[in-house]
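Presented as structure tokens, the chain that follows is alone, the form predicted on its own.
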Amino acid sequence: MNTPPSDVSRVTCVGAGVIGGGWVAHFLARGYDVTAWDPAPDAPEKLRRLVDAAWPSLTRLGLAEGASPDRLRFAATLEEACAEAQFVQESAPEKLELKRGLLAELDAATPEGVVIASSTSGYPMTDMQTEAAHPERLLVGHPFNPPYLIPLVEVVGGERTDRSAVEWASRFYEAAGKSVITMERELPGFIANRLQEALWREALHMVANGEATVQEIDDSITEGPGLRWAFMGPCLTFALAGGEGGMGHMLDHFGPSLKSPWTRLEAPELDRALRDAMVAGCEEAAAGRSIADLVAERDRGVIDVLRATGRLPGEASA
């Protein structure tokens, strides 16, 4: 790779939706010059609004020296966006053929040796790098929404990705302030999404069967295990359930319950009735708060949890 990870100063973000825009906000807050490109005609205005909405939260987190929204430039073409890139983050819609074609275009437009990462939430890079001339520099850098607040990024290459590119990307993300899991093998949906999906499917089953409301499901997490998961994952949490005997005792004692009909991991049929029930339940839970209100509330909450659990310094001055 041409540039050491800690020396990168120019980042290109392709795709300016919720995830791509979140990456833009994150990189700007970390002091990078960011060039963005998206084919939608209203993308520049939407991206500016997203960055402006995120900036108060990023200010609370603490900005890097020289960080400014003014360091964002929106390119007219993909080729222009990639011409001087030292790292490329792709965040296009989750359509496999689109990803394949776009990654091939990015590969052709980006200087030799520059790593190109995809924000895909589920596709293996092996399936996406098939049309690129230089697949060895293509890999997955999977973030969590919003990328400017949630630290985690899962990094994994495809079958044709060079290991040095994966190692370079992991070091770059760490230098850019992310918490990195470098996966040793591809896994559809990666790690955290698979865990989220299991919980999500069970929630949909309970709503579909009239067993719980949207509000009850959300409260059961925010007032229950979610409080522990903010600083300790499910495995260590369950180990503590075994007392002094730890995980061994927990498995010996509660293991038989794994055969109990507590969960239904297959997804329910997402028919119109279930869709409408989920939409209505979320509107009721929002209690009149707009999406912008909920985003601001979420951002404040994430920052407070990170700070309360010692993963951030004290309050940054505005």
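Since the model is a prediction, treat every value here as computed from it, not as a measurement. Don't overthink the numbering: it's just position in the shown sequence, from 1. What we label the rigid core is the largest C-alpha set whose atoms superpose within 1.5 Å from one form to the other.
Separately, the form predicted together with a further copy of the same chain exists; it is not shown, and the next lines address it.
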Of these, 174, 80, 167, 202, which has a heavy atom no more than 4.5 Å from a further copy of the same chain in the predicted bound form?
202
149, 132, 156, 102 - the one with a heavy atom within 4.5 Å of a further copy of the same chain in the predicted bound form:
149
Please name which of the stretches 133-141, 190-198, 109-117, 70-78 has residues with heavy atoms lying within 4.5 Å of a further copy of the same chain in the predicted bound form.
190-198
Do all of 37, 96 and 294 end up near a further copy of the same chain in the predicted bound form, with near meaning a heavy atom within 4.5 Å?
no
Is residue 266 part of the interface with a further copy of the same chain in the predicted bound form - any heavy atom within 4.5 Å?
yes
For residue 226, is any heavy atom within 4.5 Å of a further copy of the same chain in the predicted bound form, or not?
yes
Contact between residue 243 and a further copy of the same chain in the predicted bound form at 4.5 Å, heavy atoms?
yes
So, in the predicted bound form, is residue 281 in contact with a further copy of the same chain at a 4.5 angstroms heavy atom limit?
yes
Counting only heavy atoms, which residues in 217-233 are within 4.5 Å of a further copy of the same chain in the predicted bound form?
217, 218, 219, 220, 221, 222, 223, 224, 225, 226, 227, 228, 229, 230, 231, 232, 233
Please check if residue 64 moves between this form and the one not shown, taking a CA shift of 2 Å or more relative to the superposed core as movement.
no
With the core lined up, does the C-alpha of residue 293 move 2 Å or more between this form and the one not shown?
yes
Core-aligned C-alpha movement of residue 18 between this form and the one not shown, 2 Å or more:
no
A 3 angstroms or greater change in CA distance between residue 230 and residue 289 is reported in the predicted bound form. Closer or farther than in this form?
closer
Closer or farther: how do the Cα atoms of residue 143 and residue 297 compare in the predicted bound form versus the shown form, where the change is at least 3 Å?
farther
